[in-house]
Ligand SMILES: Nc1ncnc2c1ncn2[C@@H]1O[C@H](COP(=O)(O)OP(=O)(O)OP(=O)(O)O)[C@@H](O)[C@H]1O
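Next up is one chain by itself, shown in structure tokens, the form predicted on its own.
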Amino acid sequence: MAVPYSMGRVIDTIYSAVEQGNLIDNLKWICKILVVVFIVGGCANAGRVYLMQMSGQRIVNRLRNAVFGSILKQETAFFDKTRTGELINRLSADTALVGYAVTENISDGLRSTVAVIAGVGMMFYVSPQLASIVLTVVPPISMIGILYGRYVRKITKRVQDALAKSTEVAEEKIGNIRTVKAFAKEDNECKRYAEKIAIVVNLAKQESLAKAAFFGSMGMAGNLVVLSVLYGGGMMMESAHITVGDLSAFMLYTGWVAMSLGGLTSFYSELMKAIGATSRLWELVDRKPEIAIDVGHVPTAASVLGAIKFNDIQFAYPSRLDVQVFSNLSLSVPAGSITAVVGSSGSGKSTLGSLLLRLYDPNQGSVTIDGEDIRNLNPQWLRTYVGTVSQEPILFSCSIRDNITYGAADPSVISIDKIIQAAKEANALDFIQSFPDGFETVVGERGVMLSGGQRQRIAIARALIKDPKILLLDEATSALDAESESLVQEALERLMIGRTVITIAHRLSTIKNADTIAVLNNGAIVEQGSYESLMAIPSGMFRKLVEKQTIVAR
């Protein structure tokens, strides 16, 4: 703010010093003062930029941690309804937009606000008459700015939603690139992504047109103000009501205030964009999961036997409430026993495992462990006591060692000897040691660098490290070749010793040694007993399933 006033004084000094003969001395004195002002201003500006940049990064970091933590704590039904690409877009693009808006943008806005207030004050100090002329344009500009800001907020929400949908397409197709290539659909997927991006471009076009109209009118208003000041100032100079230096200072202040007003409009525009993105983020951060993961009773380890009961279960997936999966289903699994669940495809076999892990709650009925409803238990504790090996085990893009120790409550305390022992019991040690990097071999995204049988055996080693009281095997050998199935089945038999086991079977030949076999059909248990007793039922459903598989095998 001192610069325009000082420049006016310099001009007046030059005019007066020429007449008095002391131009050089006065000029040196003013220039020294300005140098000090410039140095202080530069240091202050550098400090402001540094502090705002660091504050912005910290805010974005905390915001992303809060959003990511909230996402992971949501119940499984939330992910059934929400696309992964949308969540990634919220976590990346929206948080960056909000972080900029509340740091650098706020800093620029405050700076512009102070500059406008101080500039207008100095304009009144220099010439109240000219200042009054300038302020006549403020009300209409303010109204236009408010309307523009509201429009930007609406269009930004639509842009962010469109971006999220395009991210969904990209994430899904890149994540399943092998399927895309197998069906030669690269061109089709490119067209589909281009269609989604075209929507973003159209919305951006609307925003650009509004922005162009707004800033164009702002620029024209500013130029008209300058023209009015020049005309009015010229008339005042003619009548000796203002000096050349004061008019020059006033013109500089006018330009300063005009630039600051432009900064305020940009600040307001960016703030409206951030508000559009913030509403989405706070929906995630404030959302309370229907199944909270950190509340509930935590039994002592010694008291857990592993007896499981499904009592009169009625269940439909939240995303498909009109499709009933279970209707009055009841099943008892004694502690330390092996129970196999069989049935046709789509009968709900895997859903039993989801209910046991409390990924979903039944609509009616209850699931109990040792007589206690699992809804009263701490979900995190429950899931540490239930080990799972699925048909398509998911490995993370890290080393084999990290994937095995992922099953431990605290991976850092697991010794290499325990890891080797788990890999040995899972029949995985030989192929792991054949890799140049051994346990440090990176398996790639979802474990794509390994075969199906190798992934399965690492998943078994992961379950062994977890040492669960209850074991859930979800068609763990159905997708393997004969050699891999033999190795995996041998490892599974070691894993099942001394544990309560529910095995969801596809290949019925692998469940002959189960203590009990339960047959699922139309949402209920229709047959239950040993292999021999079920095969003895002439028209039994289990017998028909076995006969069908035997015919297919031949």
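Start at 1 with the first residue shown and count on from there. Fair warning: this is a prediction, and the values are worked out from it, not measured in the lab.
Not pictured, yet referred to below: the form predicted in complex with the named molecule.
K.L.:
Out of 371, 219, 346, 121, which one falls within 4.5 Å of the named molecule in the predicted complex, going by heavy atoms?
P.N.:
The residue in contact is 346.
K.L.:
Name the single residue among 142, 223, 208, 319 that comes within 4.5 Å of the named molecule in the predicted complex, judging by heavy atoms.
P.N.:
Looking at the other structure, the residue within range turns out to be 319.
K.L.:
Would the named molecule be touched by all three of 167, 193 and 199 in the predicted complex, meaning a heavy atom each within 4.5 Å?
P.N.:
No, the candidate spot makes no contact with the named molecule.
K.L.:
Examine residue 339 and determine whether its closest non-hydrogen atom to the named molecule in the predicted complex is within 4.5 angstroms.
P.N.:
Heavy-atom contact with the named molecule at 4.5 Å: absent for residue 339.
K.L.:
Is residue 351 near the named molecule? Define near as a heavy atom within 4.5 Å, in the predicted complex.
P.N.:
Although the named molecule is absent here, residue 351 would touch it in the predicted complex, with heavy atoms inside 4.5 Å.
K.L.:
Answer with yes or no whether residue 325 is in contact with the named molecule in the predicted complex, where contact means some heavy atom within 4.5 Å.
P.N.:
The answer is yes: residue 325 has a heavy atom within 4.5 Å of the named molecule.
K.L.:
Is the gap between residue 310 and the named molecule in the predicted complex 4.5 Å or less for some heavy atom pair?
P.N.:
No, residue 310 is distant from the partner.
K.L.:
Hey, of 264-272, 311-319, 113-121, 415-423, which bit sits against the named molecule in the predicted complex at 4.5 Å between non-hydrogen atoms?
P.N.:
Only one stretch qualifies here: 311-319.
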